[in-house]
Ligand SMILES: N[C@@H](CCOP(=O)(O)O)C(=O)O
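In the block that follows, a single chain appears as structure tokens, in the form predicted alone.
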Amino acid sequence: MQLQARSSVARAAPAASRTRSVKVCSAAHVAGIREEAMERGKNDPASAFNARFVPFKDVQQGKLSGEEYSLDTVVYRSKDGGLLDVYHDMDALKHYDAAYWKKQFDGRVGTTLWPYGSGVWSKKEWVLPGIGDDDIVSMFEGGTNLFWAERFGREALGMSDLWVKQCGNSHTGSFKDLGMTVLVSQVNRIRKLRPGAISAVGCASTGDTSAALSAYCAAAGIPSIVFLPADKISLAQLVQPIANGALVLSIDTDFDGCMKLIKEVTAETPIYLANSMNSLRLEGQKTAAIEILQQFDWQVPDWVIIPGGNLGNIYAFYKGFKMCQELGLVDRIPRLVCAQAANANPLYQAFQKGWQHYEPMKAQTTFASAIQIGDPVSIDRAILALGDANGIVEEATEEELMDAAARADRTGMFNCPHTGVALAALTKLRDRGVIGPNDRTVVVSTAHGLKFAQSKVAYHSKEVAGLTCQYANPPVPVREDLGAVMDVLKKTFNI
């Protein structure tokens, strides 16, 4: 969606991709990397581009109201209480053609030039153009692989062009790293500009957000605080913020209760709010959409299926695809599918009513714990994204999502339950003929399966009440005896 605004067209091209000879790492070299970043920042053409906060309602209405805030301002909502959005001066970005941007982004992939080797910061001009390289807190996140799900697509769905974007192949094991590098970098900048303005960064979390926040804050030396719902996240998710030194509060409530508390705390203290109502995070997450286009040599897939809980990610992907369309890198955007767990499906229910009526709900327990959210903060963002992308919302029951994840695992994947939700949604859409056998389809895997090993153990042990666990594959107990081992092998492989 194009908004008309003042232009700050940059006449000097942003830093082109560079190569550098390999050097032996030393303390002096590390200091040299910082010095290079600081020196480059003095004349960084990217800073000539402009990004700022505007009310999200301006995006909805297609015109700017005049209300805006510097990204250096600690602000989360507009004057009327609505969400904010990071708005980029598109006229300035359009000064460079599509071929330039493609060459720029493609040329940075896989390099060690700070910070452009990151999948996020390789698109710095489209993310946070005004931040100095030395303020950036990065672990060279992004650059995650597309897994060609050939066997699963062929055998389970009759599809020839199914791909899984493995966003969980990242430092803390989820896509949340993409947004957290942006947010923590901006916090790092504000703390340098105004010492004392931000004392710590806090979030409510169902697990993955807390892991990303605590890791990036630890790298930057910034205190972090996380509010977790007690006994509702996996052990792997709980231990990550603990290991990174965060103050972890285990609260006897659900995610929505934690979210209410953190908003109250950040309103009264110099603790910075890191949840996805803060639109800075979405700027990092949108780069996964751009990355998908890069990986397909700038060809647009037909469908992208994204698990949805707080619903910021569906808008982030839409925003990434839309920027590429508006700047001429592609001529269309893919159709989007938001996949929700049936136990936490307020967006699905609203979609079924033609968007005429939305009601928050009390989310019920689901294996897809990261999307166990009944009152998503980004509901309006998601509705806009799906409306413009001719999108669909589908749901998956607990049995459907666990079976889908397990069945796909048997073809070489290792899926988190949230990816199972997306795969189950895809299965339903294939069964109804909505998605065709030759449609190029990308399922977004939001987290690594190892973070949810407990749920997999329960499934394969057939210890989940109410689930048949039809793809369970428990170990076979065998005596230490060759004959006993051979009996099992003969039975299993018919030899």
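One-based numbering along the sequence shown. Everything quoted here is computed from the prediction, not taken from an experiment.
One more form of this protein should be noted, the form predicted together with the named molecule, which is absent from this view; the next part is about it.
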query: Pocket open vs blocked [the named molecule transferred in the predicted bound form by site C-alpha superposition; 2.4 Å, backbone or C-beta, 3 atoms]; finding: open
query: Heavy atom of each of Gln166, Glu291 and Gln295 within 4.5 Å of the named molecule in the predicted bound form; finding: no
query: The named molecule in the predicted bound form: contacting segment from 88 to 96, 320 to 328, 67 to 75, 203 to 211, heavy atom within 4.5 Å; finding: 203 to 211
query: Tyr216, heavy atom within 4.5 angstroms of the named molecule in the predicted bound form; finding: no
query: Proximity of Ala344 to the named molecule in the predicted bound form, heavy atoms at 4.5 Å; finding: no
query: 4.5 angstroms heavy atom contact with the named molecule in the predicted bound form for Ser122; finding: no
query: Ala404 within 4.5 Å of the named molecule in the predicted bound form, heavy atoms; finding: no
query: Option touching the named molecule, based on a heavy atom within 4.5 Å in the predicted bound form, out of Asn188, Asn310, Ser118, Thr366; finding: Asn310
query: Option touching the named molecule, based on a heavy atom within 4.5 Å in the predicted bound form, out of Gln240, Asn415, Ser224, Asn275; finding: Asn275
query: Residues in 362 to 391 with any heavy atom within 4.5 Å of the named molecule in the predicted bound form; finding: Ala370, Ile373
